[in-house]
Each structure stands twice: as C-alpha cells, then as structure tokens.
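Let's start with one chain on its own, the form predicted on its own, as structure tokens.
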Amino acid sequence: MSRVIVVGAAQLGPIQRAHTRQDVLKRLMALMAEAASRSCDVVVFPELALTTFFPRWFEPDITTTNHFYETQMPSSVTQPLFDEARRLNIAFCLGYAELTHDGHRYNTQVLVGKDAKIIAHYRKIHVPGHEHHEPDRPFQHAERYYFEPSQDGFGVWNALGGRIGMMICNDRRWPETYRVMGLKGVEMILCGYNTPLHYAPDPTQDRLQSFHNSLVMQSGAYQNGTWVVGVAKGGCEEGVDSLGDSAIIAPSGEIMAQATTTDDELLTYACDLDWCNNYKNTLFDFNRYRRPDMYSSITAQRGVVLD
C-alpha cells in the first residue's frame, strides 16, 4: 500500500501590525485552496501565523499584548479556516500564540485532520531570545518574556497514514529535537519558523542565516531518516527583514522543494514515507548501532562540564 503524503508548505510573507486576523485568514484560506487544487493531503503554515511577530517589541505590561494570543482554537474568528479545511478535505498545521485559561503563555502549533478535528498540540520547547528589555537592540527578540518553555516534550502522532511530529523555529537548531522524535519512529516533522536576518548577539552570523537554516533541517532529516517540512514567515515585517527559504526535505537530507520568494508562496511535494526506511533500516538502524550507554552526559548535564 502506498504511503505517499502530498504536502503543501504554505510560506507567508510579512504580516504587519495593522493586519487583522480576518486579513490573515483570507491569505491562509487562499493558500489552503491552492494546496487543495494541487491534491495536497496537508498544508503547513508558519510559526505565529495569525499575527505579526510581536516579540520584537517589549511591553512592560504584558497584558497589553493579550490580543496577539488565542485563548481557544478554533475560535469564532479562526473557525472559518477549520470549516474550509473540512470542505476541501485537507489537513493543516498552524502556529499561533496561546494564552491558557490559567494564564500560561505558549508558542503553539496544532495539527488538524481532514475532518477539521484537532489531532495534536505541540508547544515550543527551545524558546530563544531574552526575558528583559534590551534597548540597545534595533529590535527586540523577547520570546522568553512572552512565552514559557513547554514541559510537554516532543510528541509523535499516528496521523495522515504515518508517524508525524512537530517542532517550532528554534527547536530545529537542536539535534535532540530530531533524535527524540526519531526514537519514536517519526517519519515527517512539521516546523514553522520566523527568523530575522539580523542576529544582534553576533552579527557575523547574519550572512549565514540561510545556510544554517538548511544545515540543521537537512542534517536532522538525514540522521533520523525522516521528512522535514520547514515553513517560514519571511520578508520585511514592521521594518525587520526575515528569512524565507521554506523547504521540503527528504530522509536523504536532500531539498526536494524550496521557496524562491519571501512572499506568500506554496511549495508542494509528494512525500513517500517508505523512503524513511532506506535510512532507518541501514545507516541509522538505531537498535543496531546506537550506544546510549555512551551518551549519558546528554541528559545528565545541561551546560558544558570540563573533564
């Protein structure tokens, strides 16, 4: 039986502060309709896909930013996206800011089936940036102020005929992200990201943003025998230039489709999940070749310890 998932990677161009949820939903539904017209099984949207990337501003009273968060999913505003998915018979993955009823703030991604029912939630684990206002920066990256790191761990779910995992933005830079899901048999990882081209702590990395983005996702795909779908919100948003380069990456580490713009753009590829076995059953046969007895420091310590 064929296990091919036709994936649509729905890159978004900038969302400005003045854009409403309704403005954004029109764009999401247009990309969803295009994905359906290309016979996609699932369409993947970026991190924080409903709003501008608001951690670039520091608001001393965090409650003044509550309007950037979703308190339920779907809500009366986002329900049309779910309704359209059901009508088009297409699954989707969506990133958004979540404010829970008991006051927790998470950077969240949700996987929704073709029946418009939520299959799984994932909350970002590796939250980057800073917790306090840093006025010398040209713009803030205050994610650690606006979001708390998840304690839920990395899940892998039976969905779309395979083993599907999720990660968000900075998670993609950490090899442990892929390996934990790899040990759960993941066959496709869905990832949304917002990546400014300027990195204030070390501007020498600015020219390498595209290279590093591809490097980590391609290596993670290859070393774990999994598809990786990385989807950006790019372009110049509120004066800040962000990376595009959305990509669909095979278990071989090869890029099978990549964005050519920083605007709204849909990439598609028919992903054969059985290709994963070429790597899971050979070079990266974990049961045969891994040496977990040699890796204890990975979980026993957090930072560098000199012997």
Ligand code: CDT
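All values reported here derive from a predicted model rather than from experimental measurement. Residue positions are given as counts along the sequence shown, with the first one as 1.
The same protein also exists as the form predicted in complex with the ligand; that form is not shown, yet it is the one meant from here on.
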Item to check | Stretch from 115-123, 76-84, 187-195, 225-233 whose residues place a heavy atom within 4.5 Å of the ligand in the predicted bound form | outcome: 187-195
Checklist entry - Of the options Thr177, Gln218, Ser150, Asn170, which one has a non-hydrogen atom that comes within 4.5 Å of the ligand in the predicted bound form? => result Asn170
Next on the checklist: Residue-level contact is defined here as any heavy atom of the residue lying within 4.5 Å of the ligand in the predicted bound form; does Trp157 satisfy this criterion?
Outcome noted: no
Checklist entry - Heavy atom to heavy atom, is His141 within 4.5 Å of the ligand in the predicted bound form? => result yes
Item to check | Contact flag, Pro128 vs the ligand in the predicted bound form, heavy atom cut 4.5 Å | outcome: yes
Next on the checklist: Taking the ligand as it sits in the predicted bound form, is Phe45 in contact with it (heavy atom to heavy atom, 4.5 Å or less)?
Outcome noted: no
